[in-house]
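One chain comes next, on its own, written as structure tokens: the form predicted alone.
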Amino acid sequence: MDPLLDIRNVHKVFPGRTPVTAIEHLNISVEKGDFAVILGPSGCGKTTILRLAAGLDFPTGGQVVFNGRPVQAPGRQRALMFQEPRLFPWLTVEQNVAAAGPKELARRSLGSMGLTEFAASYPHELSGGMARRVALARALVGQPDILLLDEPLSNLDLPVRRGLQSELLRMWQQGLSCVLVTHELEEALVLASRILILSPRPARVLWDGQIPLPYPRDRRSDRYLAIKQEIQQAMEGWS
């Protein structure tokens, strides 16, 4: 069976007076049912990988394939949630979510995220965590096969962050495949069924492994700490 998402020997150069090679000969396959977390240092090309997968940008060389077909444009099967909520300030919560799909599905998505009572609120009336929930509801309204997450939990208070981590795990356990990019090892270990570690730019895979730990993760268990140490050693390639 083909992978759900297949990044095949991808090369990405951003043109300019001094061209920047963001990715070089990168190969990553994501299977259906994966919660794949990509760890990498700042500027290594993590966001570029998600934009290529979403069809918002295109490789200089190689190919990005989804469900057996080359990615040639954005599509609802591949939903991307950005680091910032990017809500339209002049629209209500419900209108923001409905901008990505039919109103009936928007209301259902709001309900699944516990946002029904905030449907008539405007973005400036929301906390940072609540705005991220709205952005997540909007990403889900098209009922995607895969959710691409660009550090969406950064700069949140720990209780809010852990609440959203639980939401992501709930959706994954209900059958949604996920790819999350982050530079936070603890977040990766809490969420991932599989972790990939990238090198500094141009990105290449330094380590790729399944995380054989039950959920919820016990951060004090010997197995958790042993896997954490193994990954920390792989991350030494960042320097």
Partner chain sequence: MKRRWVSIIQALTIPVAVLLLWLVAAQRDWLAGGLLPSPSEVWAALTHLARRGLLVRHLQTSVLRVLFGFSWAAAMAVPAGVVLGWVRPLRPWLLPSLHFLRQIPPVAWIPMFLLWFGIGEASKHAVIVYAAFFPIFLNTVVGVEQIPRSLWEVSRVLEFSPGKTLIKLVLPGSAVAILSGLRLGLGMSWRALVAAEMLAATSGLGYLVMSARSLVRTDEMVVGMILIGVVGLMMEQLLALVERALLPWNRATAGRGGGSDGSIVGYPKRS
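Positions refer to the first chain, counted from 1. None of these values were measured; they are calculated from a predicted model.
Beyond what is shown, the protein has a form predicted in complex with its partner chain; the following relates to that form.
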Next on the checklist: Please tell me which of 204, 194, 183, 51 lies within 4.5 Å of its partner chain in the model of the complex, judged by heavy atoms.
Outcome noted: 51
Checklist outcome for this item: The one residue among 160, 169, 100, 126 placing a heavy atom within 4.5 Å of its partner chain in the model of the complex is 100
Checklist entry - Hey, in the model of the complex, does residue 111 get a heavy atom within 4.5 angstroms of its partner chain? => result no
Checklist entry - Within a 4.5 Å heavy atom cut-off, is residue 133 in contact with its partner chain in the model of the complex? => result no
Next on the checklist: Against its partner chain in the model of the complex, would residue 120 count as a contact residue? Criterion: heavy atoms within 4.5 Å.
Outcome noted: no
Checklist entry - Taking the shortest heavy atom distance, is residue 106 within 4.5 Å of its partner chain in the model of the complex? => result no
Next on the checklist: Just to make sure I understand: among 126 to 149, which residues lie within 4.5 Å of its partner chain in the model of the complex, judging by heavy atoms?
Outcome noted: 138
